[in-house]
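Listed next as structure tokens is one chain, alone, in the form predicted alone.
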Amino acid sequence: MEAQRYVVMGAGEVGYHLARVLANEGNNVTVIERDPGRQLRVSEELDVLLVAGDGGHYSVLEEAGVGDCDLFIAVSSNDNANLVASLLAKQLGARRSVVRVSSAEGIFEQRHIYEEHFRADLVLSTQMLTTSRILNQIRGHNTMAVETYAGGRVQLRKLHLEAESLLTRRALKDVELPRHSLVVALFRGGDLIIPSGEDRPQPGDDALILGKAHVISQFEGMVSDRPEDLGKIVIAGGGQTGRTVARALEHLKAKVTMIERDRSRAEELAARFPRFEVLHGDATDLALLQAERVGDARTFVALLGNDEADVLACLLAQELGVGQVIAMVQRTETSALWRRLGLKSVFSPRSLANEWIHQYIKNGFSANIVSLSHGAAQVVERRLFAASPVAGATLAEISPPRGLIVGTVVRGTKVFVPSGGDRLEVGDLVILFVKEEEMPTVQLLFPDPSSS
């Protein structure tokens, strides 16, 4: 692969490691950093060009040569500065930009609006990445089994079909699926099958379902006589990430207990989640954990906001007999140490962002959210613009090949699975399921302007 030019704003954990990897791959990398301590670390340890200053200032971006870079990566700890810097970088001529934000709320829920106004090609939320990883582990799935799109309004889920499943009893065209949901693929052994209405899934297949987030659980309950029971889940910590995870569990079959040491926050949680048990107390207090029978839990999630407290709480829960413990830590360099202590599910939000951005680069700057069956299929998000060949056409007029499925359309606040008579409009966000051989067709019908 030909060497690229990257400008990284922020030499914190995400920026430092991205710059190191990209430089080691033979690329030209410039790092913008305002903190003297981090500047010293970068200059001593990395083979990159360092520009000292605030990446939110036009002159600093000019000095960094942003105007002719292939990708500007804004990963400082300041969300607003990252967004402003993205806009300035694009005005200077940067070909693409990626912005990391911390919150899953506000900015990320309106991600595509921010991408448009701040001209960012990809906005990533460390909190949303963290929540997805935690939910996948709670459900016992790998990271490809449950993914969200359109600010969480659309979900992709893999379901295992047993002999008694409704989907295995008849052809798909004869099954009344929940509205706004779609079976986009079947995995049968090592084969990936794009089904037509005549196809009948078989027991043992894994079905890939795409649709509105709130109907996916309904779909799962319908196709299985034994809806997934996640058992007892204990969430230690009622901060922003804890609340986000709890919200995601509201629609699933689970008995949830939350532990929060701040009394006023515990009272807020009890009012917000009336179905859940909310305890006021310290999740690192062994006596409390024993009294509340935390050892009976299937999963214990530590989100206390302090690495040592999170790890201690998980070790105590593990000692009490909890089968699965999950800890979120901020310092990735300590993850190996915690795993030596027997904690396998320890991860850092920053490391997730690092992985995601690097994958975006490896995918040729394509914001594909999921790659399936070793690249045999992909899920792609595309925004329609005025010059899009399909803008103004109905799905029937487009007549996409079987390996290209227009799974869902997001139009303002409306989310729907399109039928043949539905017309695509400028501004629509379309979520496509694509077999590898049809990717050229995607580029033709749903071009990405940033790739040109």
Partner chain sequence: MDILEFTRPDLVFCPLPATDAQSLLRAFAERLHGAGLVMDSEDLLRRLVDRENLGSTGIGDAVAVPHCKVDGLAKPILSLGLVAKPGIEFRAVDGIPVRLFFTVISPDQAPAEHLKVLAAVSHWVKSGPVDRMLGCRRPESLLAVLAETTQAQDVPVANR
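C-alpha atoms forming the largest set that superposes within 1.5 Å between two forms make up the rigid core. Not measured: the values here are computed from a predicted model. Residue numbers count along the first chain shown, from 1.
Quick note: we don't show the form predicted together with its partner chain, though the next part is all about it.
Checking 89-97, 188-196, 258-266, 131-139 against its partner chain in the predicted bound form, the stretch whose residues place heavy atoms within 4.5 Å of it is 188-196. Heavy atoms of E438 reach within 4.5 Å of its partner chain in the predicted bound form, making it an interface residue. Within this chain, Y58 is remote from the site of its partner chain in the predicted bound form, having no heavy atom within 4.5 Å. Shown alone here, A353 lies farther than 4.5 Å from its partner chain in the predicted bound form, counting heavy atoms only. Contact between P36 and its partner chain in the predicted bound form is not found at the 4.5 Å heavy atom cutoff. Using a 4.5 Å cut-off on any heavy atom, the residues of 397-421 that reach its partner chain in the predicted bound form are, in sequence order, E397, I398, S399, P400, P401, R402, L404, I405, V406, P418, S419, G420. Annotation for L320: C-alpha shift under 2 angstroms between this form and the one not shown, rigid core superposed. Fitting the two forms on the rigid core leaves the C-alpha of A171 displaced by at least 2 angstroms between this form and the one not shown. Annotation for E25: C-alpha shift under 2 angstroms between this form and the one not shown, rigid core superposed.
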